[in-house]
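Encoded as structure tokens, the following chain is the form predicted alone, with no partner shown.
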């Protein structure tokens, strides 16, 4: 029966091509507008660390000024100062812990025709790769000693390795980074989470860095952050050592706590640490710290803003307008076929059969509208990528999930639009039309 109704629906659509095209266009435009914003919201709300949401925590310490809190939802700085980060690294409670920030500099290769270029670099501790489950193609991470004493080692991304060494096993080879020789110890697989959960303070949708160097290089290379650096009071900073010992915050910090007991122990550790800082005259605000899971971190950092949500609701309202237009077109089309339905009723077709047949026709309009809506969505996302000049390239894309969602949304919208017209035509009285024959 499904196949029979489907063939009747296709035959009916062919008999009125212009009206059918108008109905498909109405659904397609509504779905295209809705799915463009819904796709953006869906991609922006992805959590690349969802599989570790129960064990990973972003660490915040309320080291800010006494008069006012930081102007964000957590009322605490997103980052830690260098002195706090190095103090927390001494704890052996977390299974893994990472202190890191963004850096950058010119990269060159001796004896190569490759022209020097500027690369984004992440200065981090060894646990970075294991904590975020980053697989290696060649080699591995540096030893723990490199996070405390200077060792000019580097881990390359797959993209950087292809650019510098044509994708070969480059472990043990050298490159110049910021004018200093570095030895490659590992090459990681492609890893580019979006949003960049591990560092939301420096561009939610920026690409991951191409190189990773040990945390222990700060003093030797006088490394400055290429990200946000914030402070709440004026400090006398005469040199790099003063900067490291200042209250400026610029380092992201993550820990892995695998059990409730481990989390409680770490909370006690942070409490004790802050109390010790208070005893030395620091941390003037009430004792407060934050351990935030990746999913919560995305929310408090407002990766998906209220503007995005409002835009999504507006696009759904636009789809509703398109559905109302489709209702009017379907009603006009079905009522024109009332004599045909009356004859079928007189020959024994039930009301439910007439209703199902016409609802099937509405569903077919939704199917075709959904396919056309996907094309419009792809066009809309392409326009966004062009207008924003690469800022949303990673999220302004449509995957198979959203394509299936577009088809589903279109069919649902067309079925809703077809309910009343199909019900009206199913109430046809056979005798009225038999008398007119």
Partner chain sequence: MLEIRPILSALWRSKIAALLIALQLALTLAIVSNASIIVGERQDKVARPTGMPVEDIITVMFQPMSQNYDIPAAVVADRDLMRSIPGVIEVTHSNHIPLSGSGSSSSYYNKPNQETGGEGANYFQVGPEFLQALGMKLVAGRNFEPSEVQQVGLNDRLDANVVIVTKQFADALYPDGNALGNAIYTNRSSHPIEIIGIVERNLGSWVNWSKAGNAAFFPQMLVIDGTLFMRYLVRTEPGQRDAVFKQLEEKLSQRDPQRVIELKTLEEQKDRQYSRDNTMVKVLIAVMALLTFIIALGIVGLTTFWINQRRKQIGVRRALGATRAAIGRYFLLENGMIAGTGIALGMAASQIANHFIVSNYSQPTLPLPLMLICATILLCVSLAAALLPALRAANISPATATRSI
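Positions refer to the first chain, counted from 1. For clarity, every value in this text was computed on a predicted model and none was experimentally measured.
The same protein also has a form predicted together with the partner chain, omitted here; what follows describes it.
Contact check for residue 118: a heavy atom falls within 4.5 Å of the partner chain in the predicted complex.
Residue 388 belongs to the set of residues with a heavy atom inside 4.5 Å of the partner chain in the predicted complex.
The partner chain in the predicted complex comes within 4.5 Å of a heavy atom belonging to residue 176. Though the partner is left out of this view, residue 329 does reach within 4.5 Å of the partner chain in the predicted complex, counting heavy atoms only. Contact check for 67, 106 and 310: all three have a heavy atom within 4.5 Å of the partner chain in the predicted complex. The partner is absent here; in the predicted complex, the one residue of 224, 149, 72, 271 having a heavy atom within 4.5 Å of the partner chain is 224. Of the listed positions (235, 162, 258, 133), a single one reaches within 4.5 angstroms of the partner chain by any non-hydrogen atom in the predicted complex, namely 235. The candidate stretches are 356-364, 149-157, 133-141, 330-338, and the one lying within 4.5 Å of the partner chain in the predicted complex by heavy atoms is 330-338. Applying a 4.5 Å heavy atom cutoff to the partner chain in the predicted complex picks out 305, 306 from 280-306, in order along the sequence.
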